[in-house]
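Before any questions on how it binds or moves, here is one chain, the form predicted on its own, in structure tokens.
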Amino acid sequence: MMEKESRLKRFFDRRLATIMVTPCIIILLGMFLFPLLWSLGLSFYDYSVLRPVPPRFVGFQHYNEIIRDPYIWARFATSMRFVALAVGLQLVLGVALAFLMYDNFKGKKIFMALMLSPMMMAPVAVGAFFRFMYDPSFGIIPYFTRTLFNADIGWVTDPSVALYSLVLVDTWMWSPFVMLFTLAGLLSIPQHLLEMSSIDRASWWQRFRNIILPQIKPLLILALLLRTMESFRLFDTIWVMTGGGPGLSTETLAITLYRVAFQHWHTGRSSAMAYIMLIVVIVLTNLYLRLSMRQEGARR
């Protein structure tokens, strides 16, 4: 009897972790996997939540129409311009700030707290904040550009400038994110490597290329990957600041997806657009990873 109870106890001890985690896994699958599969199924149907008619199966028609639609390609180009400009600026400023924070100076903790505060704010709040700052009538930024440079710039009203205004806002908010990853890489560099390079009288560029860059590259690529994914699907800040305007100058794929889903109520078509965006993000992720692995293999 005692041997049987001992075997039963050992069985439950081995399975305890599985028993405890199983309810959580079931809940997660129900919350994430089911909507994912449901929306995938809807992408193959002509369906709208507002029409009292049953869904009609259309196969890959939505995907074919979206891929052939020049309007969607124009919005894709706008999205990629925004991603390239925003992520590029965040990379440059984030690395520069990381090198600045790597040195010890008076007031470093206060400066660090101020630098990290933008990315702690809600994107909607940031969008509303800068919408008032860019306002041509009473915004502080147009006031300074008129006063200091005698330039009347339509930061959110000029189609040729509005996208760059959004890039500046996203850069202000997320450059500290890249800074944190870069700073973590800098702090992980063994000090003896830097000391040996100083003894060998290596130049700053040689130290950066041969010691610093290989150490920070994995974290830097991860930061760029996360920022690219987030920038590509950014919606809330753009919607609050410009709503995709003026005209179509700042309408990215995320804005178009919102219009199709919740203004025109084409549920099936919007589901197909969402999965096309997901495929684009997966492709960009693979490109980042392949580039990283190829450079790592070449270095070895």
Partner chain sequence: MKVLAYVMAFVLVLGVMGGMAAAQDEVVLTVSGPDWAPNWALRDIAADFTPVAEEIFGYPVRLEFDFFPWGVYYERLMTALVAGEPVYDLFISDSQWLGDLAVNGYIYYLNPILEEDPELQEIMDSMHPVLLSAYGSYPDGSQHYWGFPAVADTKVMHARYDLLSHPEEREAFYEQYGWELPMEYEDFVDLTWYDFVDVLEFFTRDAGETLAGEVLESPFYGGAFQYSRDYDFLAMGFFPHVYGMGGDIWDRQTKRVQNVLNSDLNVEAFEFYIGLLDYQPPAAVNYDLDDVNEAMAAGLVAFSINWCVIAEMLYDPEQSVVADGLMTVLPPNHIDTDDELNRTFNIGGQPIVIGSATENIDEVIEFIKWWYLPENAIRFAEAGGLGCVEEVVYSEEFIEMKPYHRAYADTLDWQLDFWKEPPFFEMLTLFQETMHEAVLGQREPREALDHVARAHTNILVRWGYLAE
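Keep in mind that this is a model prediction, so the values were computed, not measured. Residue numbers count along the first chain shown, from 1.
The discussion below concerns the form predicted together with the partner chain, not included here.
The closest non-hydrogen atom of residue 136 lies within 4.5 Å of the partner chain in the predicted complex.
When the partner chain is considered in the predicted complex, residue 40 lies well away from it, no heavy atom lying within 4.5 Å. At a distance threshold of 4.5 angstroms between non-hydrogen atoms, residue 60 is out of contact with the partner chain in the predicted complex. Though the partner is left out of this view, residue 266 does reach within 4.5 Å of the partner chain in the predicted complex, counting heavy atoms only. Though the partner chain is absent from this view, in the predicted complex it lies within 4.5 Å of a heavy atom of just one residue from 215, 78, 228, 157, which is 157. 258 is the sole member of 275, 232, 44, 258 with a non-hydrogen atom lying within 4.5 angstroms of the partner chain in the predicted complex. Contact annotation for 31-66: residues with any non-hydrogen atom within 4.5 angstroms of the partner chain in the predicted complex are 49, 50, 51, 52, listed in sequence order.
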